[in-house]
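The chain that follows stands alone, in the form predicted alone, written as structure tokens.
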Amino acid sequence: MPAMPPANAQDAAEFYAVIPAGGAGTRLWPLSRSGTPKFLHDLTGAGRSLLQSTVDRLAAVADDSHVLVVTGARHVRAVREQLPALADTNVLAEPSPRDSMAAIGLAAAVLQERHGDVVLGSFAADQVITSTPSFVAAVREGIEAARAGYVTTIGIAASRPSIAFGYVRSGELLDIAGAPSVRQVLGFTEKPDAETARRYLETGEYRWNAGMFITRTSVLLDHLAREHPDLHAGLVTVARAWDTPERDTVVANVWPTLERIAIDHAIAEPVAAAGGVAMVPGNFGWDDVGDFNSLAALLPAVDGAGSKVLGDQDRVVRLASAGSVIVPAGGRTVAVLGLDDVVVVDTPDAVLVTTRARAQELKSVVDAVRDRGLDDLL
């Protein structure tokens, strides 16, 4: 059963949006790199980076004072430049990546130190969502479920039996005021094979797991204390020192010792098994832009042959080429002749040529570049 909030906490609850902004987006190399990861890029041609778009769509439920970004120390400057309205204290810098549980747990512990028990919603910085009103409606239901004591996730309506995403299985409707569509979560599944994914969709019980979680800070930290006490103790120690002169010393001593684990494994899965996780059906377009093939689905066609261009279309020449994805980011003109369904990414110091069908394999290219000692390209 879910942990219940303390008396009167529901009426006093405030909502804070936490945006974990990490990862290198290796399947979008050479456009996305460790120094300039995909969340800092405008990948849809909207004129806003994925990070900025995340903050934009959360504006209806959290103004800038209620938004925290957790990011790597090397990305703090870029995050602040892209989000100048955010206070410096609302950008939490991780000295090294320790996976999503440490990032979200740090935000939860810092929020609890600063504001007491509040409702926290975690939304990755590198996702594309269409229909902001539907997204906001789902978040608002999630907030009500969180106030009722649940760890709440948003399940995305699956448009196809994808093997690239994890799945969440829903059960019966829960009777929560202000959250009429929220259901019990029966479990989570990692990326399945194609046949399993197909069977999941046939049941009508499964949705994609987008990694969005809404919960009270006290509920999250209590679950973490039970499931991973050492990680909990370390995060609380760091949070207590965060707004003090001792921060750097404490972080240097404690952060490297923290367990590396995803929030799905640390909290969502065991708490769901105990009946403490709820799900809001998310009926909006969603994509995590995992590779150049998925990016193609987000860009408008530039010709009748279905080709897509991210960047200056005048820098691209296509002849007898259909379904191609071209990124002219190197300042040169890119010409494609007689090739269908190819991906060409031109940057000042690296060029990628592959097919859309093999775009998911791009991590192997990044590994090969690393093995050759070309770290300056990563």
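For every residue, the number given is its place in the sequence shown, counted from 1. Note that the structure is a prediction, hence the values are computed from the model and not measured.
A second form of this protein, the form predicted in complex with another copy of the chain, is not displayed here; the remarks below concern that form.
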| item | value |
| --- | --- |
| Interface stretch in the model of the complex with another copy of the chain - options 50-58, 35-43, 63-71, 339-347, non-hydrogen atom within 4.5 Å | 339-347 |
| Touches another copy of the chain in the model of the complex: V316 (any heavy atom, 4.5 Å) | yes |
| Any non-hydrogen atom of L362 within 4.5 angstroms of another copy of the chain in the model of the complex | yes |
| Contact of L352 with another copy of the chain in the model of the complex (heavy atom, 4.5 Å) | yes |
| Exercise: A322 in contact with another copy of the chain in the model of the complex, heavy atom 4.5 Å | no |
